[in-house]
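Here's a solo chain for you in structure tokens, the form predicted on its own.
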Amino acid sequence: MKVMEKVLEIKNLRTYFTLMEGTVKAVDGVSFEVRKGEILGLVGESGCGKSVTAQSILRILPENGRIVSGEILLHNENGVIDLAKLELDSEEMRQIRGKEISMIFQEPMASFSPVYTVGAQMMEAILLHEDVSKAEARRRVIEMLKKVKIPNAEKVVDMYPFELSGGMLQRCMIAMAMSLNPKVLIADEPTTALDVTIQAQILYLMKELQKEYRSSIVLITHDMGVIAQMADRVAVMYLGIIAESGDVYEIFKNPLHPYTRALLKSIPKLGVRKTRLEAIKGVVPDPYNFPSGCRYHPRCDHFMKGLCDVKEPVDVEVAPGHTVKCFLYGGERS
């Protein structure tokens, strides 16, 4: 089996937020890699740290957030760059944002400025990174709008965000993100604000563009159905850590971590009638005060007293490329 080239590596990333109530460890030791031309699904409940991981990669955290430790390694023509060590507003970091790593945000209506046309905002990204004329930038914007199946692209380029529907705005967001052919595209729940029919169209569009441009995608979502349809590999997050990761077929066929199993059980199955949907018991713990030991143990059906509530499990490789952080499969430090 040929091993694909890595384009992005996250190693033991820790991102904390300082608030009046205390410190929130939003990302607490996350590690994964993104390979060339693949789609990595980052999945988990709301509040598990998926979006903060994405913001850490692009260094666009809120003022009270900081990367405490870890590496964010971008592989490009110049070698390997650790983004965690770059200054937030350095020229090098600004050149990487948009050109080498782009992001599709969760809510397109809030991502575009309402006082500039869609075309002007898309042109700005091209003009910032490439030495082209405004006429050429406009031509490329119209071409990208056509690629994302926007009708009357020549007219839409001069329209304001409030004149477009949510689905059309999300297409414009994808067009802007892909306009510079980035190595890595981070899609932060790109279909959450859209209805089901438009969701399917957007996901199909992203997959088509990914094949055409050979970009790698980090797809952030809480929807395991979207992961099954889109991803090549999956990383399951819970309370700031990666609980399980592996090939998408392996994870769906043989989920090992109790949390992964619970997520999959909560999906309604076609043709199976139930009076009550499965739900993960308990609630997400207080972010200011994580439980001791394994973070999932207060909600786990396989809780082992004296072990799960005392020690924190480490990653165990149960099969090539399939790792799980659980005492059921070892998980104790040597």
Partner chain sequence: MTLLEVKNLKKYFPITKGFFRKVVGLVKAVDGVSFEIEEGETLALVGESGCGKTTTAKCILRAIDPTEGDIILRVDGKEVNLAKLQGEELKPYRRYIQMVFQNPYTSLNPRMKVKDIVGEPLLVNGIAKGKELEDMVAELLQAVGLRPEYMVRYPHAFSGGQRQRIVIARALALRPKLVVCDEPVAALDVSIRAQILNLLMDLQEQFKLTYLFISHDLSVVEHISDRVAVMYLGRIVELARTEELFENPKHPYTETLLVAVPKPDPDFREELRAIEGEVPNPANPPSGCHFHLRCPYAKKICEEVYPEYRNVGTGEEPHYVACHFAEQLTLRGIKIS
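Residue numbers count along the first chain shown, from 1. All values reported here derive from a predicted model rather than from experimental measurement.
Keep in mind the form predicted in complex with the partner chain is missing from the figure; the text below concerns it.
Is V196 close enough to touch the partner chain in the model of the complex, meaning at least one heavy atom pair within 4.5 Å?
Taking the distances in the model of the complex, the answer for V196 is yes, it comes within 4.5 Å of the partner chain.
According to a 4.5 angstroms non-hydrogen atom cut-off, is S46 in contact with the partner chain in the model of the complex?
Yes.
Is there a non-hydrogen atom of Q121 within 4.5 angstroms of a non-hydrogen atom of the partner chain in the model of the complex?
Flag for Q121 set to no.
Report yes if any heavy atom of K269 sits within 4.5 Å of a heavy atom of the partner chain in the model of the complex; otherwise report no.
Taking the distances in the model of the complex, the answer for K269 is yes, it comes within 4.5 Å of the partner chain.
Under a 4.5 angstroms heavy atom criterion, identify the one residue in Q210, Q106, Q229, T117 near the partner chain in the model of the complex.
It is Q229.
Among 176-184, 132-140, 154-162, 197-205, the region lying within 4.5 Å of the partner chain in the model of the complex by heavy atom distance:
Residues of 197-205 come within 4.5 Å of the partner.
Contact check in the model of the complex: A54, R66 and A84 versus the partner chain, with a cutoff of 4.5 Å between any heavy atoms. Do all three pass?
No: none of A54, R66 and A84 comes within 4.5 Å of the partner chain in the model of the complex.
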